[in-house]
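As structure tokens, one chain now follows by itself in the form predicted alone.
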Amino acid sequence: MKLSRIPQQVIPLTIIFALAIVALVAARQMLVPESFGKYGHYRADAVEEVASHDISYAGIQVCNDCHDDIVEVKQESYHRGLSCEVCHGPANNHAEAPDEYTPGAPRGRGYCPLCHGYNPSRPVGFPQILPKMHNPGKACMTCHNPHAPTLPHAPEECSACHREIASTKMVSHHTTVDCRTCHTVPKDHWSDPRAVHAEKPTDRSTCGQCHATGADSPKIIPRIDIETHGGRYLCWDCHYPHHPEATL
């Protein structure tokens, strides 16, 4: 093929492509460490560099070897899967010389809320608090043993675990309605909420206790014909029970 028949744009593109290849090869020679690829797709010298760092963490097994009394308590609690150094910090120095180094122990109110401060993304039933409202001024350890942090008594309010629902309900017309008016709450739910669940209504009769025509409730409460209102739909298909203004 004659050079004159080659499209004009091909020649500069070929030159640019060739220069890019040359630059890539040169960069690889200049910038890629010599040990790269020795053991795999990474810099082999990094292994020795990491190994040369001072050891900071002892590991949970080392803690368990000396503190078996605490281990026995912790293994029966909700904190059984939590490593000691999550709360106490690096403890290798303590493990090597226990008389010279003592690991820290958080005793104020700032540490526990990292896990137990209210966060709506956490699972339902996970203990959550509003630090400014929950026993203000008192250290968490006043009531809770960190190694066995089960509540000293079952929570007296549903909001202890269901904070998001409680906050929503607080600004609705249902703010004065006790949760147990609509939910059947087994006794064991208060002490083991993950295993024993509260029961939810399954038909219109629960809402009808207050809202059906002829219900024995204050006259200010909206009334409906519970048999015909909404057709075949259940009440909560149109009304969110914790903030029950009509949504459709």
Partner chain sequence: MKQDKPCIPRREFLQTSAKKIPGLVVAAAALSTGKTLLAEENSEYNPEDHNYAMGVDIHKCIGCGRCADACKKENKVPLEPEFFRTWVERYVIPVEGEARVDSPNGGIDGFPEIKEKDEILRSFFVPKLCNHCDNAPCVQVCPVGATFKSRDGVVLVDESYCVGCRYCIQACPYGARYLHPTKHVADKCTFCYHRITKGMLPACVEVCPTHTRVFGEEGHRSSPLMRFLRFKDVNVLKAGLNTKPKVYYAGANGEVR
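For clarity, every value in this text was computed on a predicted model and none was experimentally measured. Residue numbers count along the first chain shown, from 1.
Note that the form predicted in complex with the partner chain isn't included here; everything after this is about it.
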Handout entry: Residue stretch of 218-226, 176-184, 190-198, 35-43 approaching the partner chain in the predicted bound form, non-hydrogen atom distance within 4.5 Å
Key = 35-43
Completion exercise
Checked Pro136, Gly104, Pro98, Pro123 for heavy atoms within 4.5 Å of the partner chain in the predicted bound form; positive is Pro123
Completion exercise
Note: exactly one of Pro155, Pro90, Pro146, Pro131 sits with a heavy atom within 4.5 Å of the partner chain in the predicted bound form, namely Pro90
Handout entry: Triplet Thr150, Ser172 and Cys238 all within 4.5 Å of the partner chain in the predicted bound form via a heavy atom
Key = no
Problem - Gly59 within 4.5 Å of the partner chain in the predicted bound form, heavy atoms - result: yes
Exercise for the section: Using a 4.5 Å heavy atom cut-off, state whether Gly81 contacts the partner chain in the predicted bound form. Expected result: yes
Handout entry: in the predicted bound form, Asp69 touching the partner chain (heavy atom, 4.5 Å)
Key = no
Problem - Contact of Glu85 with the partner chain in the predicted bound form (heavy atom, 4.5 Å) - result: yes
